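The chain that follows stands alone, in the form predicted alone, written as structure tokens.
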Amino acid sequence: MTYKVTEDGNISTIFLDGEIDMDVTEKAKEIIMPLIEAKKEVHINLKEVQYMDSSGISVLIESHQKATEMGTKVILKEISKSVLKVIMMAKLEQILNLD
């Protein structure tokens, strides 16, 4: 997994690339959580993510819950077909903010 973060006012966009699995979930949290704790609105761009397992999905759920606690939000953008399939199978489209 590689990533790039861009800032635009109070919105931080994280562009993730590659596979999000058990091996990289801690790294993903280290990128996402401090932005949420800084009360940024976090956009996670998943266009270049080819694969995400349940540990990656759990990072998205934890991020969403933390953002709700902090009074901000996490929005998933340009979700790749393979990741969208996992989100839909888990019925998370009703919980997570998809754009």
Partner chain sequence: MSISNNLEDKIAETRDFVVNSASLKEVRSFSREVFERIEINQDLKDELVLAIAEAAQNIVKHAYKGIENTEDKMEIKISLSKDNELEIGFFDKGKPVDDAKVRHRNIDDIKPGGLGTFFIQQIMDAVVFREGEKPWINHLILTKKL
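Predicted model, so just to flag it, every value in this text is computed and none were measured. Residue numbers count along the first chain shown, from 1.
The discussion below concerns the form predicted together with the partner chain, not included here.
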Quick check: do Asp21, Tyr51 and Ile57 each get a heavy atom within 4.5 Å of the partner chain in the model of the complex?
yes
Even though the partner chain is not shown here, does Ile31 get within 4.5 Å of it in the model of the complex, heavy atoms only?
no
Taking heavy atoms and a 4.5 Å cut-off, does Gln65 contact the partner chain in the model of the complex?
yes
Do Val5 and the partner chain come within 4.5 Å of each other in the model of the complex, heavy atoms counted?
no
Does Val86 make contact with the partner chain in the model of the complex, using a 4.5 Å heavy atom cut-off?
yes
Stretch 75-99: residues contacting the partner chain in the model of the complex, 4.5 Å heavy atom cut-off:
Lys81, Lys85, Val86, Met89, Ala90, Lys91, Leu92, Ile95
